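Next up, structure tokens for two forms of one chain, structure 1 and then structure 2.
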Structure 1
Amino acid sequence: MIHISDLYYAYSSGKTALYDINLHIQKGEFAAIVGHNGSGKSTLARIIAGIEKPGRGSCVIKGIDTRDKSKFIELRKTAGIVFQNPENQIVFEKVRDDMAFALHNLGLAQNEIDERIESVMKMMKIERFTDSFELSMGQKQRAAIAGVIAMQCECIIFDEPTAMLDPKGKKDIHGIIVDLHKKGFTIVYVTNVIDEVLSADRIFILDSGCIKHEFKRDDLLENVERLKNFSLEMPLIMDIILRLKGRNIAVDTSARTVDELVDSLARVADNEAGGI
């Protein structure tokens, strides 16, 4: 689905933001790109979405070279991006007009546009949002995410989509993203908090402009110690699992959520009680 080969990117200031990037993401995959501040995550996210063009090397999404201007509309239909700053996403005063504009640009009929907007506003619990510029930052972020989901692009790139949301809002959005993945969308999720992407199929560590490490969801435990080398925090759930293991407490190391961990501990406790 996404094929980035030997990519280099420098800003006009001369700053090289990305170098030697080779990244191949399959259709339907949930890929996470994790890195410290300034590591190049947003630059890479914009490259994948075709908003920035590679300086050297190539970025091909579903067979479309992002430099091919003749395929611009096709590219927009294929890859959508939720920007790190929701204010970069909002153009119109009314939330519905903002969403409708992008859908008109895709050439959809008015009734299809209306249906999509109503359904996604309900899903995102933003039916009551009206004036874009009167929303809080967290509300703007929800509206921006809704606008991109309404486009139903096969591949959606989320650049720190929950940074401005409260804990309940974060949980809601993560649930929605996991559902989109289950429905077959290809997800690229950019963050500096690895806890947010424990349900990703693969995690790529971006460090100072280069992908320095990559591992699969199931290999997380063997890789957590390395995270410190890239100025990243160990996920809280892994910290707890390692501490329990350190005390010789039997624990399911594949647990990725508190619920899964509690269930596994309860199972062990039940078995032990049954065996007495």
Structure 2
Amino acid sequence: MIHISDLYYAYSSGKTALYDINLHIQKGEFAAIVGHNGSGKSTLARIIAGIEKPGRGSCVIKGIDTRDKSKFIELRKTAGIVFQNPENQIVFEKVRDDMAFALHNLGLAQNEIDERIESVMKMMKIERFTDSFELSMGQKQRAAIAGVIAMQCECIIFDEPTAMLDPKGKKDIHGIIVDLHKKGFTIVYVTNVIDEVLSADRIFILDSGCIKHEFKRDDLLENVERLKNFSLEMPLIMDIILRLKGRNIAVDTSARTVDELVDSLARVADNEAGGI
């Protein structure tokens, strides 16, 4: 669905931000792009969303070249972006008005706009959200995501969507993203928090403007040293799994959360107890 070839991008100052980017993401895939601050993650997210244009090379989403201005509306219907600060996406005082604004720009009839808003607000459980500026940061981010979903984009790019949230807000938003992937959305998740990418199908390490390595989630254990080499912290769940394996304790290496790991260990314990 997303095909980036030989992409190069420089800031107006002339400093190179991205170079030699070749990235191909399939429809329905959950791809995570990780890297420390200043690695070029947000710039790449904005290019994929069509906000910035490649200096050289190409970025094509579902056959749409993001540099083609005549395909702007078509691109907006295909790919949407959620920023780390939800306040950057809130324009109107009322949540419904804010969601309607983008839909009007797509040229939709009022009845379809109303239907989409009602459907998405129910799906996101934000029917009671009214005044945009009175919401918490977590609620604002939920509303921002709802606005993108209402556009019926097939692909959603998340640019560090939990960076400004408290622990509960981070967990809630991450849960929403995982659920969207299960519903069939293509997810591009940009972050510097490794713990947040354990639900991804593939993980790309971006460093100094270039993708240095990629691997599947199931291969994360084998790539721990690579993460450390790029100054990325190992996910807590991976640290626990490695410690357990070091003590020769059978463990489910596919566990994505501490809760899943505890459940798997409890099942093993129950089975062993039942066999006594």
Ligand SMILES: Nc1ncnc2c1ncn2[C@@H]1O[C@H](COP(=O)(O)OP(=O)(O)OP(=O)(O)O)[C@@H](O)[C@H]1O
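This is a predicted model, so every value here is computed, not measured. Structure 1 provides the reference sequence; residues are numbered from 1 along it. Take the two forms, superpose them, and find the largest set of C-alpha atoms that agree within 1.5 Å; that set is the rigid core.
Novice: Working through the pair one at a time, identify the form predicted together with the named molecule and give its number.
Specialist: Note: form predicted together with the named molecule is structure 1; the other is not.
Novice: So, between structures 1 and 2, does the rigid part that carries residue 189 also carry residue 236?
Specialist: Both residues go with the same rigid part.
Novice: Please report, in whole degrees, the rotation of the smaller rigid segment with respect to the larger one between structures 1 and 2.
Specialist: Between the forms, the smaller part turns 14 degrees against the larger.
Novice: Hey, core superposed, how many Å does residue 117 shift at the CA between structures 1 and 2?
Specialist: Shift of residue 117 at C-alpha, rigid core superposed: 3.3 Å.
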